[in-house]
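Consider the single chain below, provided in structure tokens and representing the form predicted alone.
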Amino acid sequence: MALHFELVTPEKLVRSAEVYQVVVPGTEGDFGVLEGHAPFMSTIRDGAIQVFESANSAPESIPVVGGFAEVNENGLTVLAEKAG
């Protein structure tokens, strides 16, 4: 099964995809999210989100500035001030 991931800014939906894993730059430290992760919410710091399409793929790096990340039963949503 895959993790549903969405990256959203005030201007647009930047990314919406089924992925293997996402690593988010949280204000308390980086955290990885896989499918089935427990519900979780965090603020994010300026940095880069690492998106892994599959278990063996190289990560895609997406720069982000500020915002929030929420993990729930629907997957991971990152609401960033700026992305890309």
Partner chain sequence: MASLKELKGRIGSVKSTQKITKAKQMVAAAKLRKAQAAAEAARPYAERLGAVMASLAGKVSGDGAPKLLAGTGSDQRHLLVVVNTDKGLCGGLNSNIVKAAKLKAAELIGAGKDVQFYLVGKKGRAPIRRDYANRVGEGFDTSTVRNPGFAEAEAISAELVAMYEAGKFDVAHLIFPIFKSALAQDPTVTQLIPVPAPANAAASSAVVEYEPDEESILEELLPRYVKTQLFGALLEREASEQGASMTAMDNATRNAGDLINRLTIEYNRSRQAAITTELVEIISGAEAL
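Numbering follows the first chain given and starts at 1. Since this is a predicted model, take the numbers as computed values, not measurements.
There is another form of the same protein, the form predicted in complex with its partner chain; it is not shown, and what comes next is about it.
The candidate spot formed by 13, 77 and 81 lies fully in contact with its partner chain in the predicted complex, as each residue has a heavy atom within 4.5 Å of it. With a 4.5 Å cutoff on heavy atoms, residue 41 counts as touching its partner chain in the predicted complex. For the chain shown alone, residue 29 is a contact residue for its partner chain in the predicted complex, at least one non-hydrogen atom being within 4.5 angstroms. By the criterion of a heavy atom within 4.5 Å, residue 2 is excluded from the residues contacting its partner chain in the predicted complex. Contact check for residue 66: a non-hydrogen atom falls within 4.5 Å of its partner chain in the predicted complex.
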